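In the form predicted on its own, a lone chain appears below as structure tokens.
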Amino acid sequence: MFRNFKLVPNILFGRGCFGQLDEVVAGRRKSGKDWAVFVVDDVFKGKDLETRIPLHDNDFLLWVNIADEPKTGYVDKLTLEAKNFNPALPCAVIGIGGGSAMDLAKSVSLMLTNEGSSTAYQGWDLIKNPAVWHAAVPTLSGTGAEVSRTAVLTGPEKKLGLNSDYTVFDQVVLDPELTAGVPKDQHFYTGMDCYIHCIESLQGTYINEFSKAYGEKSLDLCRQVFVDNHPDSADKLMMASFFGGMSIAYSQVGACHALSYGLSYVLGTHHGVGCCVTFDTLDEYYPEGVKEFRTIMEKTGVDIPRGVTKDLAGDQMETMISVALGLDPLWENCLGKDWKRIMTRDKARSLFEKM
């Protein structure tokens, strides 16, 4: 069966287009009682962006902290805060920030209309009811969260997304001006997340012309940003992120993301950092990609963490392996249907030990 792929239906792009957000949300306000939830990374507290958020008197500004990777317990807490603010459903949920803030906004929009804990919905197509209308305003480029059908969460037993067509944003506002001032390391890690999306998609067994078209363009844009230092790098990386997300949406990521999920679950490593730590050990699977990655790393002057698994207890390593090997579609995309014979627990352990 072919997937009937759901796309983001509305996209606003351009420098300064954030100024039109109020107009966009106004289309959801049908009466004076309608209210919206703005899920915003708390790094912007006291910054200029805070003053530009188009809050109405009855709207809820929900600051979120992304020092840790998004967790199911945190999503449940945020959802409860929104319900306590106003028991009626909001007309909109708007996520402003990087990949974690956008995933939290997706998750809250879903859990406002679905009963119980978000832990129950970690997996594929478990969401029963459509989400509250939700929009994304990325302030970082690379994660592809603005276009993906998942909201990646760490739960009590696993790190796995709320994968559903209902998860897809209804509106995306892509304003490259909002990425100004991003620290060098963060720019590198989120940009390399995008780069790795492309490598895994283009070299995977799930590859098709739809994914290939987006993946090749995204990879070209990444190279213009990180190899050529193009003067319009902010605009280009924002589109690379969008296209990279589109590429994996109709194919899949691979070994790097699977292993990084294990790393993140046990050590709490941020996604972009974990992907870079992991990708640097995967010469066997993505030789040309890893070679170019190391060239980019040297060019940007970023030093990724080393030796992160050297002090792991035995049970921690076993958990890390179990989480990574639980992501069947990722491994099948990387190694084919016979992947379990190739990627044994011992093989996964040897890769983690290299990190």
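Predicted, not measured: the structure shown is a model, and the values here were computed from it. We number the residues from 1 along the sequence you see.
One more form of this protein exists, namely the form predicted in complex with nicotinamide-adenine-dinucleotide (NAD); it is left out here, but the text below deals with it.
Pro183 is the sole member of Pro87, Pro183, Pro156, Pro231 with a non-hydrogen atom within 4.5 Å of nicotinamide-adenine-dinucleotide (NAD) in the predicted bound form.
A heavy atom within 4.5 Å of nicotinamide-adenine-dinucleotide (NAD) in the predicted bound form is found for one listed residue only; from Gly262, Gly99, Gly204, Gly215, this is Gly99. Contact with nicotinamide-adenine-dinucleotide (NAD) in the predicted bound form, defined as any heavy atom within 4.5 Å, is confined among 72 to 80, 125 to 133, 183 to 191, 112 to 120 to 183 to 191. At a distance threshold of 4.5 angstroms between non-hydrogen atoms, Asp34 is out of contact with nicotinamide-adenine-dinucleotide (NAD) in the predicted bound form. Put simply, Val43 is close to nicotinamide-adenine-dinucleotide (NAD) in the predicted bound form: some heavy atom of it is within 4.5 Å. At the 4.5 Å threshold, heavy atoms of Ile66 reach nicotinamide-adenine-dinucleotide (NAD) in the predicted bound form. With a 4.5 Å cutoff on heavy atoms, Ala151 counts as touching nicotinamide-adenine-dinucleotide (NAD) in the predicted bound form.
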